[in-house]
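Here's a solo chain for you in C-alpha coordinates, the form predicted alone.
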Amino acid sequence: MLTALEAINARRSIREFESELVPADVVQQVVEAAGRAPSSKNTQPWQLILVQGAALERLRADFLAAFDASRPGKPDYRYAPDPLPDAWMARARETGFGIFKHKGIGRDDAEKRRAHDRENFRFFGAPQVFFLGTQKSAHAHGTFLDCGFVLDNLMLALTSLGYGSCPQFSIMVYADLLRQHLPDSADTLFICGLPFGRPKPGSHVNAFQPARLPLADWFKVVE
(Lines give C-alpha, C1' and ligand atoms only; values in the text may rest on other atoms or scores of the structure.)
Protein backbone atom coordinates (compact mmCIF):
# COMPACT_ATOMS: atom_id res chain seq x y z
CA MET A 1 0.00 0.00 0.00
CA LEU A 2 1.27 3.46 -0.88
CA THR A 3 1.60 6.21 1.69
CA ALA A 4 -0.60 9.29 1.34
CA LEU A 5 2.16 11.32 -0.34
CA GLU A 6 3.07 8.42 -2.62
CA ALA A 7 -0.56 8.04 -3.70
CA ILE A 8 -0.88 11.78 -4.38
CA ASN A 9 2.20 11.71 -6.61
CA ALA A 10 1.22 8.45 -8.33
CA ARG A 11 -2.38 9.35 -9.17
CA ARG A 12 -3.14 9.97 -12.81
CA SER A 13 -6.17 9.69 -15.07
CA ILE A 14 -6.54 6.08 -16.21
CA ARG A 15 -8.23 5.52 -19.57
CA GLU A 16 -7.77 1.76 -20.04
CA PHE A 17 -8.74 -0.84 -17.44
CA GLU A 18 -8.63 -4.56 -16.81
CA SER A 19 -12.04 -6.25 -16.74
CA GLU A 20 -11.76 -7.59 -13.19
CA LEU A 21 -13.98 -6.05 -10.53
CA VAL A 22 -12.50 -4.36 -7.50
CA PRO A 23 -13.57 -6.73 -4.69
CA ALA A 24 -16.56 -5.65 -2.61
CA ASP A 25 -14.55 -5.50 0.61
CA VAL A 26 -12.02 -3.17 -1.03
CA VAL A 27 -14.79 -0.96 -2.40
CA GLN A 28 -16.25 -0.79 1.11
CA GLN A 29 -12.86 0.17 2.53
CA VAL A 30 -12.37 2.90 -0.09
CA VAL A 31 -15.87 4.36 0.34
CA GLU A 32 -15.59 4.40 4.13
CA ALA A 33 -12.28 6.25 3.83
CA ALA A 34 -13.78 8.72 1.36
CA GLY A 35 -16.59 9.45 3.80
CA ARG A 36 -14.03 10.77 6.28
CA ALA A 37 -13.84 13.91 4.13
CA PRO A 38 -14.47 17.25 5.85
CA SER A 39 -17.63 19.23 5.20
CA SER A 40 -19.15 22.46 6.45
CA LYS A 41 -20.71 21.87 9.88
CA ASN A 42 -20.42 18.11 9.18
CA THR A 43 -23.32 18.35 6.72
CA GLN A 44 -21.83 15.55 4.55
CA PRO A 45 -23.88 16.66 1.52
CA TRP A 46 -22.59 14.03 -0.89
CA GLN A 47 -24.39 11.13 -2.52
CA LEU A 48 -22.39 8.28 -4.05
CA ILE A 49 -23.73 5.54 -6.30
CA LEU A 50 -21.76 2.54 -7.54
CA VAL A 51 -22.84 1.03 -10.86
CA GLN A 52 -21.42 -2.30 -12.04
CA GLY A 53 -22.35 -5.57 -13.70
CA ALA A 54 -25.43 -5.74 -15.93
CA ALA A 55 -26.62 -2.31 -14.76
CA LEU A 56 -23.39 -0.72 -15.97
CA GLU A 57 -23.57 -2.49 -19.32
CA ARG A 58 -27.10 -1.16 -19.88
CA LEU A 59 -25.98 2.33 -18.94
CA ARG A 60 -22.89 2.10 -21.13
CA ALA A 61 -24.99 0.98 -24.12
CA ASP A 62 -27.43 3.88 -23.70
CA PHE A 63 -24.69 6.47 -23.28
CA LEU A 64 -22.91 5.21 -26.41
CA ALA A 65 -26.17 5.23 -28.37
CA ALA A 66 -26.81 8.82 -27.28
CA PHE A 67 -23.29 9.87 -28.27
CA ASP A 68 -23.46 8.07 -31.62
CA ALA A 69 -26.78 9.78 -32.37
CA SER A 70 -25.33 13.17 -31.34
CA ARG A 71 -28.17 13.44 -28.84
CA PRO A 72 -28.37 16.92 -27.31
CA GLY A 73 -27.54 16.90 -23.62
CA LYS A 74 -27.55 19.25 -20.69
CA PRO A 75 -25.43 18.88 -17.56
CA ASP A 76 -26.81 19.85 -14.18
CA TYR A 77 -24.31 22.69 -13.80
CA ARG A 78 -21.71 24.67 -15.73
CA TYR A 79 -18.25 23.32 -15.06
CA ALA A 80 -16.06 26.27 -16.06
CA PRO A 81 -16.32 29.92 -17.08
CA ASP A 82 -16.96 30.61 -20.73
CA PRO A 83 -14.67 31.78 -22.12
CA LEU A 84 -11.83 30.32 -20.09
CA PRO A 85 -9.15 32.75 -18.91
CA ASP A 86 -6.34 32.84 -21.46
CA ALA A 87 -3.81 30.99 -19.30
CA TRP A 88 -6.31 28.22 -18.52
CA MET A 89 -7.23 27.88 -22.18
CA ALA A 90 -3.57 27.58 -23.14
CA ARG A 91 -3.06 24.71 -20.71
CA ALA A 92 -6.31 23.03 -21.81
CA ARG A 93 -5.25 23.16 -25.44
CA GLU A 94 -1.77 21.91 -24.62
CA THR A 95 -3.26 18.91 -22.82
CA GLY A 96 -5.78 18.21 -25.59
CA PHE A 97 -3.19 18.39 -28.34
CA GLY A 98 -0.78 16.44 -26.14
CA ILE A 99 -3.00 13.41 -25.71
CA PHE A 100 -3.88 13.41 -29.43
CA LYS A 101 -0.18 13.44 -30.27
CA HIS A 102 0.47 10.69 -27.71
CA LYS A 103 -2.21 8.54 -29.35
CA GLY A 104 -1.03 9.34 -32.87
CA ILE A 105 -4.17 11.27 -33.81
CA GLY A 106 -3.62 13.97 -36.42
CA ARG A 107 -5.03 17.47 -36.12
CA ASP A 108 -7.39 16.89 -39.07
CA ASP A 109 -8.33 13.28 -38.34
CA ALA A 110 -11.97 13.88 -37.40
CA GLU A 111 -12.83 10.17 -37.29
CA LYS A 112 -10.12 9.29 -34.77
CA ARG A 113 -10.88 12.38 -32.72
CA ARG A 114 -14.52 11.36 -32.46
CA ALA A 115 -13.45 7.82 -31.51
CA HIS A 116 -11.29 9.38 -28.80
CA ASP A 117 -14.27 11.37 -27.48
CA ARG A 118 -16.46 8.26 -27.66
CA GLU A 119 -14.23 6.50 -25.12
CA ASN A 120 -15.60 8.86 -22.48
CA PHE A 121 -19.11 7.53 -23.03
CA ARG A 122 -18.06 3.92 -22.64
CA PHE A 123 -16.40 4.98 -19.38
CA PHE A 124 -13.06 3.85 -20.83
CA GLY A 125 -14.22 0.25 -20.50
CA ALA A 126 -14.05 0.38 -16.70
CA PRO A 127 -15.80 -2.49 -14.88
CA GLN A 128 -17.21 -0.15 -12.23
CA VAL A 129 -18.21 3.51 -12.06
CA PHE A 130 -18.95 5.75 -9.10
CA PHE A 131 -21.38 8.60 -9.67
CA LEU A 132 -21.04 11.52 -7.28
CA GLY A 133 -23.87 13.93 -6.64
CA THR A 134 -25.69 16.06 -4.12
CA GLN A 135 -29.25 17.35 -3.66
CA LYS A 136 -30.51 19.57 -6.48
CA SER A 137 -31.44 22.22 -3.94
CA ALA A 138 -27.83 22.30 -2.74
CA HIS A 139 -26.47 23.87 -5.92
CA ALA A 140 -23.81 26.03 -4.23
CA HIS A 141 -20.06 26.41 -4.48
CA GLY A 142 -19.42 25.36 -0.89
CA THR A 143 -21.36 22.13 -1.36
CA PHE A 144 -19.28 21.37 -4.45
CA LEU A 145 -16.15 21.99 -2.38
CA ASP A 146 -17.28 19.43 0.19
CA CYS A 147 -18.10 16.87 -2.52
CA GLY A 148 -14.69 17.50 -4.07
CA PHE A 149 -13.05 16.35 -0.86
CA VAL A 150 -14.88 13.03 -1.16
CA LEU A 151 -13.89 12.65 -4.81
CA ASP A 152 -10.23 13.26 -4.01
CA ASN A 153 -10.35 10.73 -1.16
CA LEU A 154 -11.84 8.13 -3.52
CA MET A 155 -9.15 8.63 -6.14
CA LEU A 156 -6.27 8.61 -3.67
CA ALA A 157 -7.58 5.58 -1.77
CA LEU A 158 -7.90 3.64 -5.02
CA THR A 159 -4.40 4.67 -6.09
CA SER A 160 -2.92 3.65 -2.73
CA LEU A 161 -4.31 0.13 -3.21
CA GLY A 162 -3.02 -0.31 -6.75
CA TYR A 163 -6.17 0.72 -8.63
CA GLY A 164 -6.85 3.68 -10.88
CA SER A 165 -9.65 6.04 -11.86
CA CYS A 166 -10.58 8.92 -14.13
CA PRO A 167 -12.86 11.75 -12.99
CA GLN A 168 -15.32 12.65 -15.73
CA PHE A 169 -17.49 15.71 -16.18
CA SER A 170 -17.95 15.06 -19.91
CA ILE A 171 -20.54 12.31 -19.38
CA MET A 172 -22.66 14.64 -17.26
CA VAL A 173 -24.15 16.05 -20.45
CA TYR A 174 -26.50 13.07 -20.19
CA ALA A 175 -27.48 13.57 -16.55
CA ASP A 176 -31.13 13.12 -17.49
CA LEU A 177 -30.33 9.76 -19.10
CA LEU A 178 -28.37 8.76 -16.01
CA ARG A 179 -31.43 9.40 -13.84
CA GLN A 180 -33.42 6.97 -15.96
CA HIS A 181 -31.00 4.21 -14.94
CA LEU A 182 -30.52 5.07 -11.29
CA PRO A 183 -33.45 4.61 -8.90
CA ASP A 184 -34.45 7.40 -6.51
CA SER A 185 -32.22 9.92 -8.27
CA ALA A 186 -34.81 12.44 -9.47
CA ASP A 187 -33.64 14.97 -6.84
CA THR A 188 -29.93 14.31 -7.40
CA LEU A 189 -27.65 16.89 -8.95
CA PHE A 190 -24.93 14.80 -10.59
CA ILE A 191 -21.43 16.24 -10.31
CA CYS A 192 -19.24 13.68 -12.05
CA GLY A 193 -18.59 10.04 -12.82
CA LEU A 194 -15.51 8.12 -11.68
CA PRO A 195 -14.70 4.98 -13.70
CA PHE A 196 -12.27 2.84 -11.74
CA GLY A 197 -10.51 -0.49 -11.69
CA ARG A 198 -7.14 -2.10 -12.24
CA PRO A 199 -5.09 -0.15 -14.82
CA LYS A 200 -4.27 -2.26 -17.87
CA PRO A 201 -0.57 -3.21 -17.79
CA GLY A 202 1.48 -1.72 -20.62
CA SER A 203 -1.35 0.56 -21.74
CA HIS A 204 -0.07 3.29 -24.04
CA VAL A 205 -2.82 5.79 -23.27
CA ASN A 206 -2.34 5.35 -19.51
CA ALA A 207 1.25 6.55 -19.89
CA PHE A 208 0.07 10.01 -20.89
CA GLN A 209 0.40 12.63 -18.19
CA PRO A 210 0.23 16.38 -18.80
CA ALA A 211 2.87 18.68 -17.39
CA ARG A 212 2.32 20.36 -14.05
CA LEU A 213 2.99 24.02 -13.38
CA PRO A 214 6.18 24.87 -11.52
CA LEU A 215 5.52 25.97 -7.94
CA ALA A 216 6.67 29.50 -8.68
CA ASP A 217 3.67 29.92 -10.97
CA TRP A 218 1.03 29.24 -8.32
CA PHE A 219 2.55 29.07 -4.82
CA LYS A 220 3.51 32.05 -2.66
CA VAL A 221 4.83 32.42 0.84
CA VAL A 222 3.97 35.55 2.80
CA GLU A 223 5.98 36.24 5.97
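Residues carry their position along the shown sequence, with the first being 1. Computed from a prediction, not measured in an experiment: that's the story for all the values here.
The form predicted in complex with a small molecule is left out here; the points below concern that form.
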Practice task
From the candidate stretches 80-88, 100-108, 117-125, 134-142, select the single one in contact with the small molecule in the model of the complex, where contact means a heavy atom within 4.5 Å.
Solution key: 117-125
Problem - 4.5 angstroms heavy atom contact with the small molecule in the model of the complex for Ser203 - result: no
Handout entry: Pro45, heavy atom within 4.5 angstroms of the small molecule in the model of the complex
Key = no
Exercise for the section: May I ask you to state whether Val51 is within 4.5 Å of the small molecule in the model of the complex, using heavy atom distances? Expected result: no
Handout entry: Residue contact check: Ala175 to the small molecule in the model of the complex, 4.5 Å heavy atom
Key = no
